[in-house]
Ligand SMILES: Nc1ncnc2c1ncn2[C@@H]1O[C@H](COP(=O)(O)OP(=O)(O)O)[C@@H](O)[C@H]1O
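Given next, in structure tokens, is a single chain: the form predicted alone.
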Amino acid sequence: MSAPLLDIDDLTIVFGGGRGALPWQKLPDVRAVQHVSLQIDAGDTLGLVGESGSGKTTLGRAVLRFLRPQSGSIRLGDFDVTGFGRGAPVEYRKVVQVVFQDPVGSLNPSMLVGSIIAEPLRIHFGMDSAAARERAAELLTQVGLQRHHLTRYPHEFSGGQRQRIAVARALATEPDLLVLDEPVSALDVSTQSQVINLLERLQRETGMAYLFIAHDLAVVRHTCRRIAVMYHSRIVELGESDDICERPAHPYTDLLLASIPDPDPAVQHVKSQRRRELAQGVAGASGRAPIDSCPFAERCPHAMDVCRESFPEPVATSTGGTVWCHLHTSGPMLGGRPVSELATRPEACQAVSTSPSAADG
């Protein structure tokens, strides 16, 4: 078997807690990512899902080399990312690009669209102005815009069009990996569907790999072949998209699925009941990721003493995925069935089984 394009091994990222209200106070460190291992093959798509504060964007920024981890390793092709010095080499910036959540903030408002797209062409390929402008026009056409849009400013476009411009700029360097950080969450539902369909088409045409970061399981299922569920700095479940959405093995994954709105009142009623069942634990987490225990223990209705004492080892699921949950190693039979059987509900992700526009996160 060939090596994966992106290989993240046992990655840990810690932010210093800074100073407290009093001069001698030192706030505890924040563990944003703990012992995360993920792989993405060339041309494949991995969805990284979790609620705000789970650490998924921090992980993406580490892949982009915007920050340095405390331990672990990241390899992208022939590049040892964690071995870089103070800055990443220009060659690395060419093979990995990013599309941010907010196209308004990621596009320079004082530059014409043609200049925004042409800039990486001049830096990475040494194109002159005429060649860069011609290639920029081709990229705009590739993402569904037109040549005359080169002479406009970003504020003259809608949100969906601005995101297409951001995608065109990312395509300019012909990257091997595209990090998509909540690329559709700032868009309305109909525009979400158009941008997702665009990303799928571009992947077929270019063979790029995607790291798709999002909080909405419904959108990610439609887009990604595999899903990694992240909670409070830890990966808690990993597997094929359909398997995770139809047979979730971790209680947190089950909670995410139950939170997806459904247009069918009967299905929505079942989901509301399921959310209430899963909310029987403590109302919320403490705010800081525990080091040696399951981070979901404070919210899980099935939590046991061992959940608060150690983080579980990975366990293979019946569908071929992996789950980090003590219920699969030492837990009781819940309601006469193991936890992996509690949520066998194919309707969990039906909101996007035919179109991503049905899911509004």
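Worth saying up front: this structure is predicted, and the values here are computed from it rather than measured. Numbers for residues come from their place in the sequence shown, where the first is 1.
The following text describes the form predicted together with the named molecule, which does not appear among the structures shown.
Pick from T45, Q34, T57, S293: which residue has any heavy atom within 4.5 angstroms of the named molecule in the model of the complex?
The residue in contact is T57.
I need the one stretch from 303 to 311, 321 to 329, 34 to 42, 57 to 65 whose residues put non-hydrogen atoms within 4.5 angstroms of the named molecule in the model of the complex.
Going by heavy atoms within 4.5 Å, the stretch is 57 to 65.
Would you classify A297 as touching the named molecule in the model of the complex, given a 4.5 Å non-hydrogen atom cut-off?
No, A297 is distant from the partner.
Which residues, if any, of 15 to 31 lie within 4.5 Å of the named molecule in the model of the complex when only heavy atoms count?
Read in sequence order, the residues that approach the named molecule (within 4.5 Å, in the model of the complex) are F15, V30.
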